[in-house]
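Given as structure tokens, the chain that follows is alone and in the form predicted on its own.
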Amino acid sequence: MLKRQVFNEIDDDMKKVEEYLFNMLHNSYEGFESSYRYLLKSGGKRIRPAFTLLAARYGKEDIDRIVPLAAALELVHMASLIHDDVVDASDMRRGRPTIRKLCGNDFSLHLGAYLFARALSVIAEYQDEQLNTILSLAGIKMCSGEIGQLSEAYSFKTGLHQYFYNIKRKTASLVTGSCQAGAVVSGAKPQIIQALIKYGHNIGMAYQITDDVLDFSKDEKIIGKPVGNDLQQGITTLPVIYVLKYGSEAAQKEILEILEKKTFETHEVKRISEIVADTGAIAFSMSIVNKYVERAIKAAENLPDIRTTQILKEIARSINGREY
């Protein structure tokens, strides 16, 4: 599984990132600090800081210099999740109540903004213009991807091209930025940075598509959120897009009749999952995941033949075996 693959190799470094994260909001506004610690204790795979740490190994590795950067990238991710939960009116994440559910929308929006601002303050301390550009572009892409997805909500007309464009911006951009930032701060060579950018993009794409597949193929206890959560928000992901494009006329008609209601019962979500499975949409989606995994491995072939490169390849190969 992806988490085990990463953390077994960089466990000591990740503990330093975790410690840094827990200390970041010490002595801040009490409500923010307690909610922030709740978020940290809720888990999370810490994929972005892990990629930052790994990418830094291709230059002059200075763990004390890299840890704040890795933590800042996790803060950006956390802030985006808090805002996502507000937009999606989500009550559960990772099997626990969301901050939105516990504290309300207004508090959640301010907490998310605060965490993003704290990330910016950490990045500013590096006094590196390239690093500032990496983070700002990632933030712009993430927001534009979410806005693009929202603008298409409940239209159920999202095509394959638009879907890939959306997930490139909303998910892959920060994974790419994490790889790039780690390499830049460590002073890695330009050709290595370019290889890591390609690797990060393809990993991010594969990861998000797998996440969208899990939304239909796993139960709530495994994925930590309601099954069919995207559909409840009017968002059509790759499995449903496949059905609407390549499924039988009967399958397309039935799934549209359910989707156009905009609110679904549990049995209707289950029926959509059955239609998705029966049309081969899961197999098709995972074939796309495999293509991105292959591209990530190919990008890693351009990196030095060291243990870190083998780890990156192992991470890529593990993605299509994710269960959460």
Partner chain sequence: MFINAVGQVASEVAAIKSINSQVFEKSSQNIDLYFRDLLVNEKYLWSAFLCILSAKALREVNKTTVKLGCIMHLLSITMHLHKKLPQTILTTDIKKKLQYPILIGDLMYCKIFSELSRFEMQQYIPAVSSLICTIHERLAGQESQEEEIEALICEKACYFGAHSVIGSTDTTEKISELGYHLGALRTLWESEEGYSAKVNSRWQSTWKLLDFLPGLKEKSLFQDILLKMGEQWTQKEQLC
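Residue numbers count along the first chain shown, from 1. The structure displayed is predicted, hence computed values, not measured ones.
Another form exists, predicted together with the partner chain; not displayed. Remarks below refer to it.
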Original post:
Would residue 77 sit within 4.5 Å of the partner chain in the model of the complex, counting heavy atoms only?
Top reply: no
Subject >> Partner contact for residue 195 in the model of the complex: the partner chain, 4.5 angstroms, heavy atom >> reply: no
Original post:
Does residue 201 reach the partner chain in the model of the complex, with heavy atoms at most 4.5 Å apart?
Top reply: no
Original post:
Is there a heavy atom of residue 154 lying 4.5 Å or less from a heavy atom of the partner chain in the model of the complex?
Top reply: yes
Original post:
Want to guess which of 102-110, 239-247, 186-194, 206-214 is within 4.5 Å of the partner chain in the model of the complex, heavy atoms only?
Top reply: 102-110
Original post:
Since exactly one of 135, 167, 71, 175 fits, which has a heavy atom within 4.5 Å of the partner chain in the model of the complex?
Top reply: 135
Original post:
Candidate spot 29, 116 and 150, all three in 4.5 Å heavy atom range of the partner chain in the model of the complex?
Top reply: yes
Subject >> Members of 42-81 lying within 4.5 angstroms of the partner chain, judged by heavy atom, in the model of the complex >> reply: none
